[in-house]
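Presented below, as structure tokens, is a lone chain in the form predicted alone.
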Amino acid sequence: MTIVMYDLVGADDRRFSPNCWRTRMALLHKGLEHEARPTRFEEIKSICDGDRKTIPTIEDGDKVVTDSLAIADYLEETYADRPSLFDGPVGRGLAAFVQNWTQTVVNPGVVGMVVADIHDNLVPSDQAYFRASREKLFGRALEEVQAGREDRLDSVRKSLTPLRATVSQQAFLGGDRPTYADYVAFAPFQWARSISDFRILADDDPVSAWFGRVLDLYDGAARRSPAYY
């Protein structure tokens, strides 16, 4: 049975949600047949049981699961015979740490670099919602949030020091093979790549080399997704 994953999409089939990318990579890691169904902001309220406010959400038969980490836990338990996302409880703990670090340090830095670009890459029917909700969150216009990003770039790159130090010494966060922690850390950079031509990572950064390794996993599924570079 094919798992349906509701995947946030902008114009030109741009799959840009970092949370959705975590789930997409988890499904690929498990080797599970799935349909990444394009879903716009305005369509979320009508998926599944009509009671969903966020995605990713998956439908696996009659089972519906929302939230990327909850989905990862579900896939790990339900499909225990497939390659493990965590390699055990210690890896699950590492993934939780990486997710907390990513959401509190990396994502805030990245979104300030691309938030107006996200708006510009949405279909018109989603743009009004996105602008209103994000400007309420930031307390100013999207263009003001993104302005001066060149001046903040060095600070954002410095915030990646823990990731840089790790992937300078090993191929992936878990060692010689990827785990869910890699997909969590990968997601904000795929988010930016999908929605903006502004390059956050320097070409000679070890983080960039690691990012390329993750892009190439699973026959380059993430690399083939519509992106600016």
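Keep in mind that what you see is a predicted model, and the values were worked out from it rather than measured. Don't overthink the numbering: it's just position in the shown sequence, from 1.
Form predicted together with another copy of the chain: not shown, discussed below.
Quiz item: Within a 4.5 Å heavy atom cut-off, is G91 in contact with another copy of the chain in the predicted bound form?
Solution: Yes, contact at 4.5 Å.
Exercise. With heavy atoms only and a cut-off of 4.5 Å, decide whether T161 touches another copy of the chain in the predicted bound form.
Key: T161 belongs to the contact set for another copy of the chain.
Quiz item: Can any non-hydrogen atom of Q170 be found within 4.5 angstroms of another copy of the chain in the predicted bound form?
Solution: Contact check for Q170: yes, within 4.5 Å of another copy of the chain in the predicted bound form.
Quiz item: Within a 4.5 Å heavy atom cut-off, is G174 in contact with another copy of the chain in the predicted bound form?
Solution: Judged by the heavy-atom cut-off of 4.5 Å, G174 is in contact with another copy of the chain in the predicted bound form.
Exercise. Check each of T104, S133, S155, S125 and return the one that places a heavy atom within 4.5 angstroms of another copy of the chain in the predicted bound form.
Key: Exactly one residue meets the criterion: T104.
Practice problem: With another copy of the chain left out of view, choose which of L27, A181, A187, I58 has a non-hydrogen atom within 4.5 angstroms of it in the predicted bound form. | Solution: Contact check passes for A181.
Self-check item: Stretch in contact, per heavy atom within 4.5 angstroms of another copy of the chain in the predicted bound form, of 112 to 120, 125 to 133, 144 to 152, 81 to 89
Solution: Stretch with heavy atoms near the partner: 81 to 89.
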